[in-house]
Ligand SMILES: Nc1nc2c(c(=O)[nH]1)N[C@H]1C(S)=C(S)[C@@H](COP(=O)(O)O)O[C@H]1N2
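Next up: a single chain in structure tokens, the form predicted on its own.
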């Protein structure tokens, strides 16, 4: 079996004005991963933000759930050409997690359990643009979709919404993540078709 799971098929609908270029609507929720699915117990889960100076802040599962929760409805767009519209999530805004973080960094490298990484500019994580989510459609987020918690950055291609998220490393310079070092675009805006570098 290859390192990329199945799900790279579908019918394109280029006449749908609600979709970015080259995308088609998916009724299901394809499962795509760049490796095996990590299984992280909530008791073992932790999310950490490390600034460019080495200062860190972390939340265990109980502390994370005690933070203000938001319900999010968003369209998501996979680089493999499927889009799922009107998805429903629950989680914590990155703005909330950054309330007591002092940084002058412009970039972040997102780290996941299992070793996956992706780079996202801080401008794409703050200002109501991104969340750490733990529910999908009113139920706990299943492992195959990134549970117990994943990053949700719906305005970028979905590979930026890292599954099994465990932390952010804040940096002054952009450090490419897994897909970015393998030819994918550093930013990933679906409306600009920023698929490949």
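These figures come from a predicted structure and were not determined experimentally. Positions refer to the first chain, counted from 1.
As for the form predicted together with this ligand, it is not shown, yet the points below apply to it.
For this ligand in the model of the complex, the listed stretch (125-133, 158-166, 62-70, 48-56) containing residues with heavy atoms inside 4.5 Å is 158-166.
Taking non-hydrogen atoms only, residue 105 never approaches this ligand to within 4.5 angstroms in the model of the complex. For residue 101, no non-hydrogen atom is located within 4.5 Å of this ligand in the model of the complex, even though that partner is not displayed. Taking the partner from the other structure, this ligand in the model of the complex has a heavy atom within 4.5 Å of a heavy atom of residue 78. Residue contact check for residue 40: none of its heavy atoms lie within 4.5 Å of this ligand in the model of the complex.
Applying a 4.5 Å heavy atom cutoff to this ligand in the model of the complex picks out 144, 145, 150 from 140-154, in order along the sequence.
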